[in-house]
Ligand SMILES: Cc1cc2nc3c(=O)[nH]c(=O)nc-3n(C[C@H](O)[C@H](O)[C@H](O)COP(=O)(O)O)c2cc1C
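In structure tokens, the next block holds one chain alone, the form predicted on its own.
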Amino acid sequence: MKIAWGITGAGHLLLDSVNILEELSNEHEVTVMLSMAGEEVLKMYGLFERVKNVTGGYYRELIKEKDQESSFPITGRLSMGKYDLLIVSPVTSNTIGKIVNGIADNLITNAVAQAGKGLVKTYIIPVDFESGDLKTVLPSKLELDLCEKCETCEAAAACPNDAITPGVEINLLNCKGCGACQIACPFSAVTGGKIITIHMRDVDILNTKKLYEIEGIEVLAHPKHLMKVLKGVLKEQ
């Protein structure tokens, strides 16, 4: 199958999405489309190179929003029905809010719109799926209560991207998630993979429910559900 896979700027379900993406790419042609935020967040979590490694070749491209300018010409493939399906995972509440209101002003929302016009089935895995609290994983973080404000910051010295301001913060836009800072700090003041709890907003849950009303879109709770769904698609072909 020819599959288009869109990634937005959500950290939650990102690792799970990349795991399934790698598995699918072994048997199918997968074009990966990254929103601006999606590219940034992949790098923060140290997953960008893994995604890059599954691409290469025609219909296996890595498409970055910043290279598509304002017309997003790559999404024309979807409007012409060149793909068997579009997967967007993970999907931020911001992206969902745009989709349910018919806004197509970035690479991913435009891809969803063009998939609808080309009658390409779209599978969406939102991070704001149901009401309540959600546990999610953070990228690298400087824990100020553990930081000893050393005269020479070993974590900052070890960072190949100058992403750390000693005793202040980590600039996540420069961070590539390599983990060198975590290893170097003698006081374990730099953490990675810390789990926090966030609350789902009612407006975001409501927008997710609206996705079910859009023709051609199927909503899934988790990336792992994709494999079962795709087996059904292959049987129908």
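Every value quoted in this text rests on a predicted model; they were computed, and no experiment measured them. Just count from 1 along the sequence shown to find any residue number.
The same protein also has a form predicted in complex with the ligand, omitted here; what follows describes it.
| query | in the predicted bound form, which of the stretches 78-86, 142-150, 161-169, 94-102 has residues with heavy atoms within 4.5 Å of the ligand? | reply | Answer to the contact question: 94-102.
| task | Just give me the single entry in L21, L226, A10, I217 that has a non-hydrogen atom within 4.5 angstroms of the ligand in the predicted bound form. | result | For this set of options, the contacting one is A10.
| request: Counting non-hydrogen atoms within 4.5 angstroms of the ligand in the predicted bound form, say which of L206, A37, L62, A180 makes the cut. | output: By the 4.5 Å heavy-atom cutoff, the listed residue in contact is A37.
| According to a 4.5 angstroms non-hydrogen atom cut-off, is M44 in contact with the ligand in the predicted bound form? | Yes, M44 lies within 4.5 Å of the ligand in the predicted bound form.
| said: Can you work out whether N106 and the ligand are in contact in the predicted bound form, taking contact to mean some heavy atom pair no more than 4.5 Å apart? | reply: The answer is yes: N106 has a heavy atom within 4.5 Å of the ligand.
| field | the ligand contact at V127 in the predicted bound form, heavy atom, 4.5 Å | value | Output for V127 is yes: heavy atoms within 4.5 Å of the ligand.
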